[in-house]
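The form predicted on its own is given below as one chain in structure tokens.
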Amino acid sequence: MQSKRLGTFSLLCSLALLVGFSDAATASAQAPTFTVGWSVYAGWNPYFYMQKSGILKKWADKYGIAIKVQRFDYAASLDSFVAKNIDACAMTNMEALDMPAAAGVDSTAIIVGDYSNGNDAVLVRDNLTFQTLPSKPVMLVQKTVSEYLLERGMVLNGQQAQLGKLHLINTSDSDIVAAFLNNKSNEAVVTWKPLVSQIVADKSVHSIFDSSKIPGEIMDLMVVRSEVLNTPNGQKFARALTGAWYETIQQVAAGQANALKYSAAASGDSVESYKEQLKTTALFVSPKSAVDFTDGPEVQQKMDLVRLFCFKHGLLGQGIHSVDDVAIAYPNGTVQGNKARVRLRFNSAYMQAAEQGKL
């Protein structure tokens, strides 16, 4: 039986702990707080490990801020970013154009994390080819890089004239695997890993085109609303997030056990499955490699293809009469489009700071 003395001591300790927790909660509540959205993808799963491991908190504490990480379905993450419910979001270069930029939300890519080098694929049953694909429904998440990849595959396989005959079925990334595999009448699907890996486990399914055929065209970015970035606390947020990213991704690339375990767990995968996904992800592990890519001419060449696709499909917003009406700015000062209408910016300054050890 517990003595009164011990009981009183326990009560005092409990009260002290409660006071301590209260002080910590108050301090946390007073810190500027930012929210990052991410969705399941090999190059973005490390955000789950970043939070789980305490790496993100360590960097946020360094700058006196708080950062939350929130998982979404991909389309929902973009909607939340456009609605300004979150401050930053993991997205591809194309979605950065056809969602926030098209909606008039000025955004800045502060981290170019990787490009898809086989992670995105066009998958078919029954020996379908690009020649016979227009006669079949194609499942994908519309207005995303899946649609871009499909069109690039058609064009590069001589089927540009058949593009208007494609029958696209918009399907959420959270539903697409089950919807495709559970109905054998579905013969074509376009998606990304780990969903691709789950689908091709069915031996009746194979890939007829993937993103390794268009290297560098599907980039994976961390994008921040420019109005957030252009504040003192927003700059602290960008520095903390960039520092946390490189510490995290270098652990993943080095094969650190927990980094792989939790990055895999983010999408319910095994470590072996996640390693397989990383093989088709061209990660910019070092800040220098990311800076060299972002500051080089290749990004502008790839983005020109992407912006023309978006304009052709009416993805740049209402009242847009020219591809130049939604402009893109690059670190060297170059602008693609009307300089008065810049909506997407590539900023390598935070990656450069990481490269120089100045974060």
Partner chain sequence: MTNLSPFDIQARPNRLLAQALSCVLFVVCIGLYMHTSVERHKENAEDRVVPSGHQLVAGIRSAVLEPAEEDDYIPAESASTWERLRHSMIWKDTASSGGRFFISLALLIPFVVLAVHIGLFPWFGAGFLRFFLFFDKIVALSLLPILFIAFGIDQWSKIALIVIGVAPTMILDVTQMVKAVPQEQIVKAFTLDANNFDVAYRVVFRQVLPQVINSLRLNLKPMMLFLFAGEMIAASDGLAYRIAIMRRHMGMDVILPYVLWVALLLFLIDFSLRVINRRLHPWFQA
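As the structure is a prediction and not an experimental result, all values here were calculated from the model. Residue numbers count along the first chain shown, from 1. What we label the rigid core is the largest C-alpha set whose atoms superpose within 1.5 Å from one form to the other.
Omitted from view is the form predicted in complex with its partner chain, to which the following refers.
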property: Three-residue site Gln51, Arg71 and Ala290 fully in contact with its partner chain in the predicted bound form at 4.5 Å by heavy atom; result: no
property: Options 274-282, 246-254, 176-184, 124-132; stretch whose heavy atom lies within 4.5 Å of its partner chain in the predicted bound form; result: 176-184
property: Non-hydrogen atom contact Gly314 with its partner chain in the predicted bound form at 4.5 angstroms; result: yes
property: 4.5 Å heavy atom contact, Asn170 and its partner chain in the predicted bound form; result: yes
property: In the predicted bound form, His206 touching its partner chain (heavy atom, 4.5 Å); result: no
property: Partner contact for Asp98 in the predicted bound form: its partner chain, 4.5 angstroms, heavy atom; result: yes
property: Contact residue in the predicted bound form, chosen from Ile199, Ala103, Ile214, Val112 - any heavy atom within 4.5 Å of its partner chain; result: Ala103
property: Contact residue in the predicted bound form, from Pro232, Gly164, Gly268, Gly158 (heavy atom within 4.5 Å of its partner chain); result: Gly164
property: Contacts with its partner chain in the predicted bound form - residues in 124-148 whose heavy atoms fall within 4.5 Å; result: Met139, Val141, Gln142, Lys143, Thr144
property: Did Asn170 shift 2 Å or more between the shown form and the other one, C-alpha, core superposed; result: yes
property: Is_shifted Arg125 between the shown form and the other one (CA, 2 Å cut-off, rigid core); result: yes
